[in-house]
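Coming up, as structure tokens: structure 1 and structure 2, two forms of one and the same protein chain.
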Structure 1
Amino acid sequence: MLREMDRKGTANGLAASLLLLAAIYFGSGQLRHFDPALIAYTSATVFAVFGIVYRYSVWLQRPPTEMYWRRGWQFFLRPAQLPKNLLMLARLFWNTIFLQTFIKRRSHLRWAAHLLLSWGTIAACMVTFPLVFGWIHFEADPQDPAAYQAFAFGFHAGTFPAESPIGWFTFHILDFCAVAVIVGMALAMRRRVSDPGATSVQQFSMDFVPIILLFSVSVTGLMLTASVTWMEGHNYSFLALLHAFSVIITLLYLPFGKFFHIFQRPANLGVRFYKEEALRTEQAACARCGVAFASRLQIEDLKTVEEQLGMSWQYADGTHYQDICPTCRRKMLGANQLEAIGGPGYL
């Protein structure tokens, strides 16, 4: 199995994992603020980083992906366009990543579900990872035992009374995230069991496992709060173990299943810069009907990619099938059949 692994992917994955380990070591004050009890979480995260970077590297080596990756950066970093591109990137980030408006155009319910799931999960990660890695830690204020001091990378970041709205909110952020994820998950699950289109194409491993994992992480997390708040810590150790187990399984699943789209889908931003360039440059006219149907840039890039994939769409007279527009392609099948049977009419 090790022999079958992609070299570039392995090297990039190992480099990213080592970088994370170094960041944990130095960010936690040479492990002074790292809690050894969290070693299992950390190990799972290091594995997840390796897996994600490995898969991303292998994915980038596919000819069409490599072409868009290269072109996307080329057009984005072009010095004359850079200021405009940075503004466009900010706008795209706001609409596509933050508000996810493209999902709203599919369905408002799906949009609400995805917003709750994605932001609930992302916010929880932004709180949990720095805490686990020892990048952020809290200490009781020696001058005032009722107050907490927050430290980020060893630097004092602020003090707040533990029994205050800020304190209460800080210590319950993960509970809010869990509620958001559970509501989003319920909306997603409702569609998964009632929509005939979804039920026909969904797969257990791709569509249900992520929902089950997020549900188990959120519910066991909330149970910890419930145990402390209302049950005087009853069964806390067992619940903590259950929560750790569900989180670790989720982290290990991260590079393999549906969650990989979190890292893959932002490639859409690069495609937007490609499309901007395509609009500005020469358009390709169909070799049959003469109507412009796409950018010359994309047609020529496709020819290159097809060649890299071992395809050969060229005719003996030099005409390339990639120069035929989709409308004419649709007519070609009928036209060739009619020609074969001797003109209009049927067999």
Structure 2
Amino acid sequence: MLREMDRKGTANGLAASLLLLAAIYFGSGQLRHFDPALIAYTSATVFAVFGIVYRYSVWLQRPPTEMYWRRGWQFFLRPAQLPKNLLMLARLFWNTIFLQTFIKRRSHLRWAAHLLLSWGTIAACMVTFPLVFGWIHFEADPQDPAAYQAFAFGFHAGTFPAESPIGWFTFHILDFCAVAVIVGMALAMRRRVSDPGATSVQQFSMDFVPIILLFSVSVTGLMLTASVTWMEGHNYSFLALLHAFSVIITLLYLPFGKFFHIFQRPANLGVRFYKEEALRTEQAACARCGVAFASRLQIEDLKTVEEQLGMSWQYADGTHYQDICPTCRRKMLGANQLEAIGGPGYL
């Protein structure tokens, strides 16, 4: 049975889609610089934005996620700690998002693959979407036909000779991104087929489909350049259609597959602020042995989340399961198992 769509997620998704359409309309000079041939890319992007925002909204409504989200902003925006938090956020962004050192600690090969795949894709998106939406366009310089003028949101952003290094790099930047993605994909595939730990848990839909999609987009994009550069435009129309198909399928896949973690990852930075606050505040002592084992903040928040999920983990004497440390929980489990089989009770 199909579940009913979440109203808040639907409203947020529609609002984000409408904002994007408005940004395209006004950013392209009321569609003067929008290429109608790119309407399929745009439509797929609008759908992807709706799906991403919808799923993100539903994800944030889950009690554990909502608790981390609310607490993270609460601790980050406190006036007394805001300057320190801004510096910490910059450091976290540099290490976690830009350099992605959390993956480097696992494996240098995995880190190299992830870095090439992520930044190759991010750079390509930063170039492609403004061009597709008409936010950036190029015109021949009336004073020099061999030069191009670049415009961003209708404002002149610079002029450069078409045959200059700047011009060559500008028109081939997506090729560099494609090469980076292909190299990253090769490294990722090497790990996927040779690492016993990876092969034992991987799934085709979650681990191979994203790589295949990125590979198809990158290869067909490079084939377009090869057609223009070395093949005198031979089969360019077919290759353009094939490239468009691969890009559109990838955009439609964004909200539903592994690519969604791209949008979840920045929200995880708030967890670090939560942990920092937990270290500074009162620690909870075990109700059985009296040993401190976690922060009181985390324990109380966990109780709240469990209540929201309909879980009642209280004993007859009023003691809550979360007030007991892991060591005593294992002892209690062993005692219950002994009692169940008729053995001696726990002393």
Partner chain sequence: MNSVFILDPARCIGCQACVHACGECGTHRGVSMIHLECMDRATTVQTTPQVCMHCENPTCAQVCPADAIKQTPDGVVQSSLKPRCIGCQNCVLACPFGVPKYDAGPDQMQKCDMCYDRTSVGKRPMCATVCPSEALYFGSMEEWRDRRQGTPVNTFRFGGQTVKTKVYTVMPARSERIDIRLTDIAGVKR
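What we label the rigid core is the largest C-alpha set whose atoms superpose within 1.5 Å from one form to the other. Start at 1 and count along the sequence of structure 1; that gives the residue numbers used here. No experiment lies behind these values; they were computed from the predicted model shown.
Matching the description of the form predicted on its own is structure 2; structure 1 comes from elsewhere.
Core-superposed comparison between structure 1 and structure 2: the CA of Ala11 stays below a 2 Å shift. Relative to the superposed rigid core, Ala335 undergoes a CA displacement of at least 2 Å between structure 1 and structure 2.
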